[in-house]
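Just the one chain here, laid out as structure tokens, in the form predicted alone.
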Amino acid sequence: MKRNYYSALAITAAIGLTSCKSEDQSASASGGYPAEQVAEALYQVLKSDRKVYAQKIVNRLVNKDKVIKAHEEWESEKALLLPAQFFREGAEEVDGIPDKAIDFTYSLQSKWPLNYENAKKKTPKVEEGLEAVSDPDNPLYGKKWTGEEEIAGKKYFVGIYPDRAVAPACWECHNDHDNRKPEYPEFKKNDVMGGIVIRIPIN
């Protein structure tokens, strides 16, 4: 999967070079590329990878062909990673790349986390963005939310993009999970289950 992330960087570079001709630019990431356009390009790659894994690997092998299971304890159970775990593994892999051409991090977060530790990691801006993209009564429901925040004296662009239920492997896991709280919604196909949070340092 590393190849796709390097491809994303190449895409963002092309976008940035084109956009540099504009006099009215938004906050810039490292290299001078507009942070929002960098985040948008990364999101398209991440969303596509997540959808392919959930639909064409987990859903096919687990629910259709029934040749293997997906499980949180995937190593000891000799199972597939759950889609959210696959996403997190990729994020950690990217974090470990030294001297990235464009500095960025990403994560999968939700208003309704099954891993309660994730709930402690949300900044006020991330909570605001998740509320916007996840609330059906909000004009930004199912759309992107963007903002800026400062952490430890450093300013960041934050883009939060809707993470939708694209395969039964996604919503069935959440709906049946032992950590699911009574107030959590029961998800179905295409519901917004959370957000892909992309954070980019800006000048």
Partner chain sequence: MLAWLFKFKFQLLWLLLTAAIGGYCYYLFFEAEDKTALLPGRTTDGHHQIEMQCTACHTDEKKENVFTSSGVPNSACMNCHSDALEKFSDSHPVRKFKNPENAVFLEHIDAMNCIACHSEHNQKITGEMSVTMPVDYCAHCHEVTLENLESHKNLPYDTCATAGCHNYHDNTPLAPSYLLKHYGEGKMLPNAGLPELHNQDLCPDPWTSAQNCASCHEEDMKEFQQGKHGMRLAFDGLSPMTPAMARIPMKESAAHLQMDCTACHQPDKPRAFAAYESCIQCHDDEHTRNYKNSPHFNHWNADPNGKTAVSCATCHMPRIESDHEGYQVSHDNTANLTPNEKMIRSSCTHCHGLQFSMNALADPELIRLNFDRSSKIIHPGIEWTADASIKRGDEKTKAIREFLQKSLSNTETQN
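Only a predicted model underlies this, so the values are computations on that prediction, with no experimental measurement involved. Residue numbers count along the first chain shown, from 1.
Unshown form predicted together with its partner chain; subsequent notes refer to it.
- Residues placing heavy atoms within 4.5 Å of its partner chain in the predicted bound form fall in a single listed stretch, namely 66-74, out of 66-74, 140-148, 39-47, 162-170.
- In the predicted bound form, its partner chain lies farther than 4.5 Å from every heavy atom of Glu127.
- Contact annotation: Tyr156 falls within 4.5 Å of its partner chain in the predicted bound form, judged by heavy atom distances.
- Although the partner is absent here, Trp112 lies well away from its partner chain in the predicted bound form, with no heavy atom inside 4.5 Å.
- In the predicted bound form, its partner chain sits beyond 4.5 Å of every heavy atom of Phe87.
- Taking its partner chain as positioned in the predicted bound form, the residues of 101-115 that bring a heavy atom within 4.5 Å of it are, in sequence order, Thr105, Tyr106, Ser107, Gln109.
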